[in-house]
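Below you will find one chain, with nothing else, as structure tokens; this is the form predicted alone, and questions on how it binds or moves follow later.
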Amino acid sequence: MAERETGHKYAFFPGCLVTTRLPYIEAAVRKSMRRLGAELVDMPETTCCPEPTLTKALNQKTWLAIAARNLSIAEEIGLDILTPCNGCYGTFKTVNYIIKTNEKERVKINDTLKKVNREYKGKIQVKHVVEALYKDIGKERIKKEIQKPLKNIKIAVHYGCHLLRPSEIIQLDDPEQPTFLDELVEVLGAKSVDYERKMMCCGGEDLKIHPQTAYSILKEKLSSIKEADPDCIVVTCPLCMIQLDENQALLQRRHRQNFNIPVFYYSELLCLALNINLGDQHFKLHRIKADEVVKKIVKS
């Protein structure tokens, strides 16, 4: 099917985890956005965003400068920056806000950037892939393109922390009772199921400092999801994907906790609904087998 023009064009920043560990997310994002008429322009000479917890805690000046350098590349291209990573989104959104609202900090940051012959003026916006789908492309456009509705598929939505917070800066949705990702799931024809620990962190960030805590949080999160009896979980963040998919498999293997709930990045489900061929090997990269859910969608 030929892609239709929508006029949406973005400077694409996939982020470290997607590029190095979860390339299937990047493939799904690129294919689905292309089908919906959006153009993704690769950004040259970018670095890590940098990640929004440890780097920021160790040296905020460095965190600000590296993020601003990446933002300056998108500004030089003349496009808003688009990322499929909640962490990258949180970093860029926060630093962009600081630069646009705090002249003193903007001067300090640009004094640092001068050492590498760069400057950031704060002329672009920062967008997450699902934000662009919801606000720019829109549910109606997505609905018109769907060829394989996700009928009879029940999905547990996991928003992830950095997609919504700090809410005074992100301002994407209500941080306590968001709905936009549920709406994006249901526009595909699926059913978004509620569960008690819906807004609970997946525990992914704790892996860096206290793995035992991370697995405890993961177990509680998955137990809550299991009670809702969904066909799968949907995420918007590569770290959440690693925690809920890869570490769910590890939890099952080490502690005999048999949750066995497939996990998808939203763009993967979008590709299935759009009848985009992701290739025979794509879902083999998931640790929790997704075959049954994929077959159920493809055969619908």
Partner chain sequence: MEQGEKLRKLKEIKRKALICFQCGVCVGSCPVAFVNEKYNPRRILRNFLFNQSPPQLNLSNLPWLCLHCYACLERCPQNIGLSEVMFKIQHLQFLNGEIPSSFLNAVKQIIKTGRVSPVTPITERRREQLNLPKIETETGVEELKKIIKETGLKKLLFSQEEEKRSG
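Residue numbers count along the first chain shown, from 1. Keep in mind that what you see is a predicted model, and the values were worked out from it rather than measured.
Not pictured, yet referred to below: the form predicted together with its partner chain.
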Site check 172, 230 and 260: each within 4.5 Å of its partner chain in the predicted complex by heavy atom: no
Contact stretch among 183 to 191, 196 to 204, 144 to 152, 128 to 136 - heavy atom within 4.5 Å of its partner chain in the predicted complex: 196 to 204
Would residue 275 show up as a contact with its partner chain in the predicted complex if we use heavy atoms at 4.5 Å? no
In the predicted complex, residue 176 touching its partner chain (heavy atom, 4.5 Å): yes
For residue 26, is any heavy atom within 4.5 Å of its partner chain in the predicted complex, or not? yes
Does residue 74 reach its partner chain in the predicted complex, with heavy atoms at most 4.5 Å apart? no
Of 209 to 230, which residues get within 4.5 Å of its partner chain in the predicted complex if you count heavy atoms? 209, 210, 213, 216, 217, 220
